[in-house]
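The form predicted alone is given below as one chain in structure tokens.
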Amino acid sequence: MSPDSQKTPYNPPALEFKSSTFSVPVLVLSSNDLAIIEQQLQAKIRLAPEFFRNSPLVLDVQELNKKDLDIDIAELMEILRKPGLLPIGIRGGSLNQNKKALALQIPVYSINSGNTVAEAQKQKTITPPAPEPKTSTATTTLITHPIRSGQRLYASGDLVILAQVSAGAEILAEGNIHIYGTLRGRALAGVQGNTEARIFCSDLQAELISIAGNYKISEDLQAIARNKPVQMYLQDHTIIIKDI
């Protein structure tokens, strides 16, 4: 039998690389005071602990470097990991900062890269609370595609979604949330303490809803009629759900 007639068994590939898109929060630092950073970070996380638990995070230090403020990258990473955040990258760093990040096995991103980090900054940016008084410059974030399971989305103003929010997805807004579809995941409005924030959706099947830190979970929502528009708001620290 000739060698050409012997067929090698076909083994399908065990892996492959694919391009994909993920929403990742970006922590933008404007101070190198680690004590203040840790204090304000903990305050931010207390507003929405479920959203930040085991959340991947990209660290942005370009504002620090514009001000010629250095920061201890190793100590900063420990501060981020302490409440359960998972740093997965740094951007805007100096040569020395990037070297320290790589020594800690933290990837370095280009500030001008057109990857998922750039997209994430538009939708989910964690910034330390500004000192009082402050002028609101919040805008409305419009999303036209469905929010898939595992995705996390943060809006600094109102959030409008023209599609469904799948189970396992999480959406947060400092203002109101409008969902023109089914809400099956988690929705947290007024995450900076805005008690006037409201949640509107066409079909309430949520795992969790929250307004200014006041929560209701799916067990509390089972008695709510589905397949019709509802609105949710706070009244005496209690979430009220009404038909629209």
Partner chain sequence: MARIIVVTSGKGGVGKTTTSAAIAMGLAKKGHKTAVIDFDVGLRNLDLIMGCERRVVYDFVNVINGEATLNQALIRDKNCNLLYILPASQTRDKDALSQEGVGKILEDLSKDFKYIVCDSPAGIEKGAHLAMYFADDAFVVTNPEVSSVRDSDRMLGILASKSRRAEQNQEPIREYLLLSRYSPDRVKLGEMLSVDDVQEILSLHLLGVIPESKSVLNASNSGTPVILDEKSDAGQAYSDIVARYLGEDKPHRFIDGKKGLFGKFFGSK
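Positions refer to the first chain, counted from 1. Everything numeric here is computed off the predicted structure, so don't read it as measured data.
FYI, the form predicted in complex with the partner chain isn't displayed, but the following is about it.
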Counting any heavy atom within 4.5 Å as contact, can you tell me which stretch out of 75-83, 97-105, 170-178, 145-153 lines the partner chain in the model of the complex?
145-153
In the model of the complex, does every one of 164, 184 and 207 come within 4.5 Å of the partner chain, counting any heavy atom?
yes
What are the residues of 71-110, in order along the chain, with a heavy atom within 4.5 Å of the partner chain in the model of the complex?
none
